[in-house]
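In the block that follows, a single chain appears as structure tokens, in the form predicted on its own.
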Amino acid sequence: MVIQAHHHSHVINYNIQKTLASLLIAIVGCSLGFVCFLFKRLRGQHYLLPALIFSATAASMHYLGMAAIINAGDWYVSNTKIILSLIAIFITSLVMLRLTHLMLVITNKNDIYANFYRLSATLTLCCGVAIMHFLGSCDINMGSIPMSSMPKDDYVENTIAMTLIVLVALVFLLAIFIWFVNFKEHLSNELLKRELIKKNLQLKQMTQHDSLTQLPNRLYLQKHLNTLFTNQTDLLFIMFIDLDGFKRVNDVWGHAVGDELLVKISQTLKENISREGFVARIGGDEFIVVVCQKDKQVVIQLAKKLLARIADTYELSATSVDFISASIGISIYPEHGNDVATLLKKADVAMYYIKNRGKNSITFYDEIEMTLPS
């Protein structure tokens, strides 16, 4: 194979066997290096074995390629520069493998950083190869041989040139194909991940919220109260709200109209509680309002406000309802208990106490007047 270095006199001739041998070493060595890198037991914690394989492959390919130059003239590389070239390619191989590992680890977490590590690994390896090539060939002095004295074999030369062009084109197409497959897989994984996140949020919403009113349910309420008990310094007031007259709506106009009414009342509670507290529906026509407040009178005023709002007239699809009221029983943390079950039970007892004595009113749990069910 003949390459003209200068247009008038210098030519470079390569030994085709050694050149192809260097190519074979590159393919086999890189394959072994990546196999070693992919297996944790082989690569270890510091990537020494795969880095050694990559650097030995690059060095062997380089120096065998240099030995393939027939018309190399007077060339000599000192042992110092050979050692420095080997150290350079070994260190850059280590860094490249570390960056590649970081890229693989972070790919599913942050695409920007993954692309940064990918580019950094590529540039690192390129710099290592360039440094090794410079140190290993900077002392070469090509001999001068007239072109007329060089044997010409256009057929062999053209065949080799076309073979190399085809190989480069195949590698380029293979790289594009791998990139496309990886991109498609990454896009599919990203869409699947987003869909899973969406489904998980929906599942969480379904398990911890009431499907009709979208208010937190009993399960969410228990978790929320336990969290408040852990971090709370002020008093917690647990309002147990039960609607008066709701059964009549269901009996006369049906459960669909009753559901409409529950939705409107839940909206009323949320609008009037706002940031002052927490609203949950624990079943049927029963609601819980949790308020963190130091002043008991403020809670009483809030409860009276809720009674007034609940007693409004509701325009429903089948009728207009103006007879709804509520009975509210209130327990206090930590005065009446330190756990969710006890506080809810005492608020429930207080609610039934006032419901049996005229309804449409509020009362606090009283240890003397009220008795817990056994």
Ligand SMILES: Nc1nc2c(ncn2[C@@H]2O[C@H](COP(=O)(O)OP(=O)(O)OP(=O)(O)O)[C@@H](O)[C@H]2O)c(=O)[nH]1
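Counting begins at 1, following the sequence as shown. Here the structure is a predicted model, which is why all the values come from computation and not from measurement.
The same protein also exists as the form predicted together with this ligand; that form is not shown, yet it is the one meant from here on.
**Request:** Heavy atoms, 4.5 Å, this ligand in the predicted bound form: which of 287-295, 95-103, 240-248, 190-198 makes the cut? Say which one.
**Result:** Only one stretch qualifies here: 240-248.
**Prompt:** Using 4.5 Å between non-hydrogen atoms, is K18 touching this ligand in the predicted bound form?
**Reply:** No, K18 sits far enough from this ligand in the predicted bound form that none of its heavy atoms falls within 4.5 Å.
**Message:** Is it the case that K204, even though its partner is missing from this view, gets within 4.5 Å of this ligand in the predicted bound form, heavy atoms only?
**Reply:** No.
**4.5 Å heavy atom contact, H255 to this ligand in the predicted bound form** = Contact with this ligand, yes.
**Prompt:** in the predicted bound form, does E276 have a heavy atom within 4.5 Å of this ligand?
**Reply:** No, E276 sits far enough from this ligand in the predicted bound form that none of its heavy atoms falls within 4.5 Å.
**Asked** Which residue among L262, A280, L225, M132 has a heavy atom within 4.5 angstroms of this ligand in the predicted bound form?
**Response** None of the other options qualify; the answer is L262.
**Listed residue (L170, L119, L212, L219) with a non-hydrogen atom within 4.5 angstroms of this ligand in the predicted bound form** = Exactly one residue meets the criterion: L212.
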